[in-house]
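What follows is one chain in C-alpha cells, specifically the form predicted on its own.
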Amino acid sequence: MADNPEHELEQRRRLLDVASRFPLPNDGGGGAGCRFSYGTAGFRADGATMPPAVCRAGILAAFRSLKLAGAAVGIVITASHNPVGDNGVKIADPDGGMMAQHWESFADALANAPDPDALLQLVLQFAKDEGIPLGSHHTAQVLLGRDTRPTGEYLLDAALQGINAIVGAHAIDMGILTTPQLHWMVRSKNKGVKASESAYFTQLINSFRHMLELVPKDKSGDELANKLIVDGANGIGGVKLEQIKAELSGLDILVRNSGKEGEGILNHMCGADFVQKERVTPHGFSPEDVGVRCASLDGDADRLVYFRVSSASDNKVDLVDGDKILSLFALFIREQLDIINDGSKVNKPLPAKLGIVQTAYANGASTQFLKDLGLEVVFTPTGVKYLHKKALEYDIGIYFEANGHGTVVFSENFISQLESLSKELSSQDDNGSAQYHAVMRLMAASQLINQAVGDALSGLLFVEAILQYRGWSFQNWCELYSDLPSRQLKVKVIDRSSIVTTNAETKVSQPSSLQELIDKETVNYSHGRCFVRPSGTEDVVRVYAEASTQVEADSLAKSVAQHVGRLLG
C-alpha cells in the first residue's frame, strides 16, 4: 500500500490526528447525534453540525483523486436552495460531474465513523480493497469552492484539514464561487485548459456574443425584449452576474436580490426553488414589473426558472420551469441539425443522435410536445446523477428537471464532426450559408452551456440567445404548450422501503396490488397519469398526479394517496 513503512506510519498518524480534531457532533452521548447520508446533494445539514462531515469529505476527495491517478477532484461547500443556516458539501469527479455513485456508501461510512480508530481502519481497508496507494509518492489534487453562507469559511478550513491529512494531497482554494463554476473548473483542469474564474467568464461572454452575431438580422426585438430582471436569491449567482452583466452586449440585465449587504436573506422568499414551488413573485418584485421577462436563480446558481409578473393586482406569476427550458433548447438544437442536414453542400448527413432525458415528474404536456417533434424521449429515476449519465449516451443529450436543474451535453466525437464540417464549408467559400451558420451556432452553444452540470448563468445566456435568434417574446415561449394541471402529495408510512418501483419510478412492482389500484383510478380521468415513489430522505411516499383539470388532478392524487395509506400506513 505504501512505498515504505515510514510513509505508512505518517499516513496513519495524520488520519488519527484529524479525526480527533473533528469528532462527530454529540458523540459519546449514548449514540446521540445526527447521521450523515451522501446523496444527490452530498452531505447537507445545519451548518453548525457540518465540520466533521466536511473534514471527512476532504479525506474522501483526496482519496478519490489518488484512486484516479492524481486527476483533479472538486469540493464545493454549499447547501444550494436551503435556508442560510444550513450548509453542505459535495464532491465533483474529474469530468466535472457528480462523484461516482458506487463511492457513496464509503462516503456514508467515512462520515459516520464513530471514533478516530474506526475511521483509520475504514480508510485502510477501503484503500486495500480499491488498490489505492496511500502514503506513497503519488499525489492528489483537490479544487475547493464555497458559496456566501456565513459558515462557509470555517467549513472550508475543515475541508482543507481533511485533504491535508492524506499524504501527497494538494488543495487549491478557488474562492467564493457558484457550484457550477467549481464543476466547470474541475472539468477544465483535467482537460488541460485554463481553470480560472476569468477563463469561465471569458468563455461565457465570448460564446454568448458569438451566438448573438449569428442571429438573423430580421429578428432583432424591441427594447422590452432585451430587458431581463434576474432574482439572484441573495446568493452567489447574483454577485457573479453583477460582475459580468456590463459585458453582455444585447442584453439589459437588472439584478434584484443580488447578495448585497442588507438586500435580503439567502433563499428567503426568493430564488428558483421558491418561485417554482410557490408560483408567486419573489421578494423585491412589484406590480411595476408586469410584462417584463424575469428569471430566478437559486442560492448557488445551479437552478434556473423564468417567470413573468401576471398582473398588478396580485403576486401570481406565469412560470416557465425546467420542462419548458428543455423544450426551448431541444427546438433550437433540432432546428440547427435540420438546417445542416438539409444543406445542399453536404456530401453526407451529419449523423447526430439527439436524446431528451426526463424523469416521471416532467409534465406530461412537455413530454408530448417533444415526442410530437419526433424527438427521442427517455426516462430515468429522479436525480441529476441518473439524468446526466443517460444524456452522455447521445451525440447531444438534453436533460432538465422541472425545478430548473439541467444542461446539454455534446459528445467529443460530435464536436469534432462539427469542426470538420465548418472547415469543409469554409474551404468551399460557403461560410455565408445557412448551413455554415447552423454549424457555428451549435459550436457556440457547446461553449456557452456548462456541460459539467446544471448552471443557471450559462443556461440563462443560452435561453436569451435562443429567444433573440427566434425573435420570440416571453408569451411566444409560454405558448409552446400548456402544462397539464398536477398535484403532489406526501403520505406518511411506517416503512418507505416496502414500496419498490420500476420503469424509471413510473410503476410500482411491490406491493403488487398497489399498481392495479393506481391504474384503476387513473383510467377515470382525461389525460390522467399518476405514480408513487418512496422519498429518499424521510418515511413518506410521494404521490404525483396529472389530469386535464386541477380539480381532477387533486382528486386523482387524493384517491391514490388513500390507497397508499391503507396499504402501508
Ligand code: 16G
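All residue numbers refer to positions in the sequence shown, first residue = 1. Whichever C-alpha set is largest while still superposing within 1.5 Å between the two forms counts as the rigid core. Since the model is a prediction, treat every value here as computed from it, not as a measurement.
Form predicted in complex with the named molecule: not shown, discussed below.
Open site. The named molecule, superposed from its pose in the model of the complex, has no atom within 2.4 Å of any backbone or C-beta atom of the chain shown. When contacts are defined as a non-hydrogen atom within 4.5 Å, all of 40, 81 and 403 contact the named molecule in the model of the complex. Although the partner is absent here, residue 511 is not a contact residue: none of its heavy atoms lies within 4.5 angstroms of the named molecule in the model of the complex.
Although the partner is absent from this view, residue 519 stays clear of the named molecule in the model of the complex, with no non-hydrogen atom inside 4.5 angstroms. The named molecule in the model of the complex is approached by residue 90, whose closest heavy atom lies within 4.5 angstroms of it. Put simply, residue 383 is close to the named molecule in the model of the complex: some heavy atom of it is within 4.5 Å. The stretch that touches the named molecule in the model of the complex, counting heavy atoms within 4.5 Å, is 536-544, out of 536-544, 521-529, 47-55, 64-72. Checking 98, 398, 421, 333 for any heavy atom within 4.5 Å of the named molecule in the model of the complex turns up a single hit: 98.
Shown without its partner, the chain has 302, 303 in segment 301-319 as residues with a non-hydrogen atom within 4.5 angstroms of the named molecule in the model of the complex. With a cut-off of 2 Å and the rigid core superposed, residue 64 has a Cα displacement that falls short of the cut-off between this form and the one not shown. Core-superposed comparison between this form and the one not shown: CA of residue 46 displaced by less than 2 Å.
With the core held fixed between this form and the one not shown, residue 541 has its Cα displaced by at least 2 Å.
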